[in-house]
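The chain below stands alone, shown as structure tokens; this is the form predicted on its own.
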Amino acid sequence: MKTLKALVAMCGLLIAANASAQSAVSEEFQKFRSIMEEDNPAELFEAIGEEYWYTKAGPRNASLEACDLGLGPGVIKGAYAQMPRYFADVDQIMDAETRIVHCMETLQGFSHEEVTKQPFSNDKGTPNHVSVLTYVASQSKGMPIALPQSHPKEREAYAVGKEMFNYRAGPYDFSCATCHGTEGKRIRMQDLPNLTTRDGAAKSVLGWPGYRITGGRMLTLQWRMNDCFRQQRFPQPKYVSEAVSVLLTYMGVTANGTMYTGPGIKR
């Protein structure tokens, strides 16, 4: 019995030591990320996106200056921190990425297929809409997250997004909440925030869009959501689908009141 108790105690010490080591590595990476954010490569994409915003392009030879991001045509300051939100002209909820794609189609005359043929950054390069999103997001830096919930469809999006977050399915019987519904979880060296709390939800939205050091690419929240679906072995949502917008609504509203600090930098 004494031998068994000793083994149990030793296992406990090893687990505690491993957890402590992982926590130390995580803290060191946070320090590294803070240093990198002082010279974040995302600024390059902000500059490219700003130039594109004011450049005439597409079949209609138009710029995006008349794009309404929810605060009036051409108003960018603070818009990202208040999206997803309801847009009466399309009678639906749109996140910032979806709205920018919509503006490229309606103002510049691109077809949906043309704009979305390369939805995310890859070895071929960074799509214009990703650079524009990075520029738009940068204009909300230092402002509080303030997703509106005044319209019935905004409240409905929050409720549907919450249900999606907790919906279990797929070969692993996973939901978003399986990894992000409680405190203290981790995948490899990555701490998993509890997205059901304000501080946890803030960690999931404040640093996006983000420059990912691995691969050197500018990535967006739409990409991040698709990657979560992939990791759950779910079918990935169609690009700029309303399903992702409502999921982002749930996360964003939960984070309301926290300060937006992106565009960020990722591991």
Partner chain sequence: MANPMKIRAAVQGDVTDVRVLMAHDMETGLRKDSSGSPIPAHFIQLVTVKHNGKDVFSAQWGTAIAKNPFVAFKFKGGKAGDKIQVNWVDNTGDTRTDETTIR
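Positions refer to the first chain, counted from 1. Because the structure is a prediction, the values reported are computed rather than measured.
Quick note: we don't show the form predicted together with its partner chain, though the next part is all about it.
Here the chain stands by itself, but in the predicted bound form one stretch of 196-204, 229-237, 209-217, 57-65, 209-217, has heavy atoms within 4.5 Å of its partner chain. Among heavy atoms of Glu242, none comes within 4.5 Å of its partner chain in the predicted bound form. Its partner chain in the predicted bound form comes within 4.5 Å of no heavy atom belonging to Gly70.
In the predicted bound form, its partner chain lies beyond 4.5 angstroms of every heavy atom of every residue of 158-184.
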